[in-house]
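Read the single chain below, which is given as structure tokens and is the form predicted alone.
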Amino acid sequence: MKDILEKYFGRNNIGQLKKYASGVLVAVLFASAMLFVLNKDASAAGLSPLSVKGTELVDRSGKAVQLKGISTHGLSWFPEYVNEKSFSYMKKKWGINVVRLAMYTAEYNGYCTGDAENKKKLEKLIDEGVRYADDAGLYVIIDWHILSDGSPAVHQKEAVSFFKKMAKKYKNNSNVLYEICNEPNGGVQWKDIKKYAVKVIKKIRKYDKDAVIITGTPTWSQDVDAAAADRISSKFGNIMYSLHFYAATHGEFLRQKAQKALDSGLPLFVTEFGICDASGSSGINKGEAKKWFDFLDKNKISYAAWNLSNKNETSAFIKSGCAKESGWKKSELTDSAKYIIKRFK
């Protein structure tokens, strides 16, 4: 090879050629790195990748970020609200910056109880939801919505497979967060939830090294103090813990529990809440709702309200008689929606 180079470039020019080749290699490597960074950010124009610092979500510059938004109802039951116009409308008119895609696992037509065709439909809805969130400039939470299954271990195998698929697909999306178990319940202990969480987190981190991952906590994501006493290893990075409340049911006792967890350094994310009671119905409690919002804002805790649907229940945002899928007038919104939207703004 050396003889060939000397023949075509001359012995005295080989040194210069080496320097030139070295410079080109550095330039190529730098360009490749920049393309990776741009690709990570281009997926959601204007949105910074998020990370966890202490108890807070922060952006690329280290500035605290508070996400405020809404959760869909079950994707199998109210798929029509996952559309480009609704996401864009809620961003512009309501002031949200995050949407949660709630995919039930064990209920009717859940991801783990429906047939193969149903799984494809749900994955397609998630893909569309992520794309619409991209277009609207929203962060998006992919929610593994366990409920009647109680323990996340019931469908652990399916969860590991699902999040492997999600992480491979969305590893370059700066706006995607993963919620790996909605509301563990039925007496399942934190030690068992933690075992499940670690297995799923390991699989996600194999493909997506940095995305924020949120894990549920015992008793319908209320016992954050249990998680605070035995946190998931910090080696995984960017892990948060979910806290759920319904203002007409959960009051000062749960805020005290949350404050204790925060004081110990546990980062919380309220991935679901309502201002009615825990059933999703009954009247709203504005007094407790205000106390909760003040608590969340004071501690920079992000939140997503339940729920985007026209189901005939207090927690739904759209009145049951309204069939519109976007562009809702104030008169078409429930009292819960009107109160919470004011807090979004």
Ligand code: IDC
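The first residue of the sequence shown is number 1, and the count goes up from there. Because the structure is a prediction, the values reported are computed rather than measured.
Quick note: we don't show the form predicted together with this ligand, though the next part is all about it.
_Proximity of Leu125 to this ligand in the model of the complex, heavy atoms at 4.5 Å_ = Leu125: no, not in contact with this ligand in the model of the complex.
Is His145 a contact residue for this ligand in the model of the complex, using a 4.5 Å heavy atom cut-off? Judged by the heavy-atom cut-off of 4.5 Å, His145 is in contact with this ligand in the model of the complex.
With the partner left out here, check for me: in the model of the complex, does some heavy atom of Glu313 sit within 4.5 Å of this ligand? Glu313: yes, in contact with this ligand in the model of the complex.
Point to revise | is_contact(Tyr246, this ligand) in the model of the complex, heavy atom dist at most 4.5 Å | key: Residue-level check for Tyr246: yes, a contact with this ligand.
Between Asn175, Ser86, Asn182, Asn238, only one gets a heavy atom within 4.5 angstroms of this ligand in the model of the complex; which residue is that? If I apply the 4.5 Å criterion carefully, the residue I get is Asn182.
ask   = Considering Tyr196, Tyr104, Tyr170, Phe163, which brings a non-hydrogen atom within 4.5 Å of this ligand in the model of the complex?
value = Residue within 4.5 Å of the partner: Tyr104.
Residues in which of 125 to 133, 228 to 236, 112 to 120, 72 to 80 have heavy atoms within 4.5 Å of this ligand in the model of the complex? Correct option: 72 to 80.
Need the contact residues for 119 to 143: heavy atom within 4.5 Å of this ligand in the model of the complex, sequence order, or none if there are none. If the 4.5 Å heavy-atom criterion is applied to this ligand in the model of the complex, 119 to 143 yields nothing.
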